[in-house]
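The chain below stands alone and is given in C-alpha cells; this is the form predicted alone.
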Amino acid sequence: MSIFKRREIPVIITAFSGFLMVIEYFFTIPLVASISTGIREWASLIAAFAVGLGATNLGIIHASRVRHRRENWYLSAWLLFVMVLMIIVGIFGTTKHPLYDFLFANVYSTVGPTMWGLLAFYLASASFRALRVRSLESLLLLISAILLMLLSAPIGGIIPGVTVVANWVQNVPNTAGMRGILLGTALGAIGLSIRTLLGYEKGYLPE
C-alpha cells in the first residue's frame, strides 16, 4: 500500500496537532506556541478552501438543474446569478461597494427573517402536537409553556402570581436543565477528544 494511502498518517497528524494544542493551552513554551500558531493558520486556509469547494459544488449542482430544466430550475438560476454577482462585486469592488451593500441589505438580510416567518407555522404545529396532555410530564410541560407565554404577554403582569412563578420556572428548572445539557455535551466532547488524540476515533477518515 502506498504511504499516502495509509490510514496511520492522518491519525498521527491529528494526534500530533491535538497534543500540541493541549500543551500550548496549559504550558508557556515559545516553540510549541509558534508551531500551534502555524497549525491554526493552516486550518483557516483549509477551511477557506473548503468554502470554495462547497461553492463550486453548489454551482455545479444548480447549473445542472438549469441546463436540464428540472423542477423549479429558475430558482437555481436566480441562486447562481446572485452568487456570481456577489463574488464579482466582493472581489473587484470590495465589501464597501454600494451594490454589495444593497445586495446584502435587501437580499441576504431579508432571507433570514423570511425563513423564520415561514418556520413559525411549522413551530406552531409542532408545539400543538408536543403540548397535548398525555401524561404528567406533558401536563407539566404545558403548564410551563403557558406560564412563560403569559410572562412575555402584557396580560401576564395583571394576573396575580404569574410573574413570580414564571420567573421561577425560567430561572430554576430551565437553567438547571440547560446546565445539565451543557455539562453532558462538554463531557461528551472531552471523551471524543481523548479518543481522537489516542487514535481510537477514526470517523473523520475516508472509507
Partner chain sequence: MVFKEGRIATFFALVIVVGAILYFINRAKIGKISKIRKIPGLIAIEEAVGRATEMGGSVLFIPGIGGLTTVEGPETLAGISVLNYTAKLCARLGTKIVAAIRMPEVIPLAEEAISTAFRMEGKFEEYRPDMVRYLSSDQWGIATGAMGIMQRERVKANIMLGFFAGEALALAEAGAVAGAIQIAGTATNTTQLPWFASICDYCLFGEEVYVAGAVLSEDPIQLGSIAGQDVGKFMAICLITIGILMYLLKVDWLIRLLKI
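Residue numbers count along the first chain shown, from 1. Please read all numbers here as calculations on a predicted model, not as lab measurements.
Not on display, but discussed next: the form predicted in complex with its partner chain.
The partner is absent here, but in the predicted complex a heavy atom of Met178, alone among Ala153, Leu139, Met178, Ala145, sits within 4.5 Å of its partner chain. Contact between Phe81 and its partner chain in the predicted complex is not found at the 4.5 Å heavy atom cutoff.
Within this chain, Pro98 is remote from the site of its partner chain in the predicted complex, having no heavy atom within 4.5 Å.
At a distance threshold of 4.5 angstroms between non-hydrogen atoms, Gly112 is in contact with its partner chain in the predicted complex. Within 4.5 Å of any heavy atom of its partner chain in the predicted complex lies no heavy atom of Ser135. Contacts between 16-32 and its partner chain, taken as any heavy atom within 4.5 Å in the predicted complex, involve Val22, Glu24, Tyr25, Phe26, Phe27, Thr28, Ile29.
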